[in-house]
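Only one chain is shown below, in structure tokens, and it's the form predicted on its own.
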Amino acid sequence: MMRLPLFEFRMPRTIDEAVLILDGEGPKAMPLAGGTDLLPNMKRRQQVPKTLMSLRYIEDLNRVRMEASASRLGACVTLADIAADPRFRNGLTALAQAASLVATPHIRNMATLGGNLCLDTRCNYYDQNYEWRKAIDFCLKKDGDTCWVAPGSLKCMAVSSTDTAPALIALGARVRLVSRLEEREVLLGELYNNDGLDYIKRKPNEILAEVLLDSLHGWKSTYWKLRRRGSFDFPVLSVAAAARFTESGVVEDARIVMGSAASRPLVALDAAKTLVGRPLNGESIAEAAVLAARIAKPLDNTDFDMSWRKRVTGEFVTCALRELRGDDVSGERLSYMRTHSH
């Protein structure tokens, strides 16, 4: 049985109190929301904070405020609540789908939006118990000197496995980061580094307090996820796509984001740009799929063959854009999972 290491537990009731704790404790303290990722990591000694600070009792972090012009989503809103809320449809469909595909219903009842956005990067050499990692002399991400995915690399190759980040980046989301001395807003797409070790630009003394969304009137969005099993598994590839259309069906704006294909979500700028001013027909969709797949460089540190995952990127982009066009692709989602999940 893997046991948690000893730690001090704090339960602030306001954001001001929480940031004072983080400022005083420094990097040895970590915020705790649902704990569905952090606590297992602590049992494996991947993360060993001296202080855990629960965010669940801070009312401001549990609120959803949705208006015609903008939306504000508290970081401690659970994924289950997002998946079940009918307001997360049409333009926000990608977020609802991403939230609904995380792990199992029990975990979604605990897991939070902010926690999923700050999810630790993953790797077959890292996500093992302490004794297993010790047997290989550890890895670059924790306690070692070598990235076993690419031994000649000076950079950790662990993969971003958050479901909600690609969806929210496709929706143009920003996040509000709060510390004792300042607040700042950051485009979600700029929050991540392409480095499995130094993967997020949130400072140790900051709390990710809110997700901010401008009006998505006229937008449609969707999220596609590849995993071996139909539930529980982390993504080994994901595609989020969003587009705004004219009344005649021409794309006015578009965003395509791939997850789990690098240490950060990848924004396919050229693929999205090629759609603007054109209808979603076979030619424009095929061109966008090729451009999107070109920047995906999956490595051999998660499930499935990496070259196959790269090919599937183009197929997922195609399916996602067809869904935005209005095609019924629900059967293809199911058949794809049945065909490739064994």
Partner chain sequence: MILVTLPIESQKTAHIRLTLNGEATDVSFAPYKTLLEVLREDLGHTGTKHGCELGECGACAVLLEGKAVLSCLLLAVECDGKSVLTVEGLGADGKLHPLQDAFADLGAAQCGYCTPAILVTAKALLDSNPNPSREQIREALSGNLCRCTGYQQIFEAVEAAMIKIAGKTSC
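Computed from a predicted structure; not experimentally measured. Positions refer to the first chain, counted from 1.
The discussion below concerns the form predicted in complex with the partner chain, not included here.
- Of the candidate stretches 62-70, 275-283, 29-37, 291-299, only 29-37 contains residues with a heavy atom within 4.5 Å of the partner chain in the model of the complex.
- The partner chain is not shown here, but in the model of the complex it comes within 4.5 Å of a heavy atom of M110.
- Remark: K50 does not count among the residues lining the partner chain in the model of the complex, judged by a heavy atom distance of 4.5 Å or less.
- Heavy atoms of T104 reach within 4.5 Å of the partner chain in the model of the complex, making it an interface residue.
- Although the partner is absent here, D195 lies well away from the partner chain in the model of the complex, with no heavy atom inside 4.5 Å.
- Residues from 1-16 that approach the partner chain in the model of the complex with a non-hydrogen atom closer than or equal to 4.5 Å are M1, M2, R3, L4, P5, L6, F7, F9, in the order they occur in the chain.
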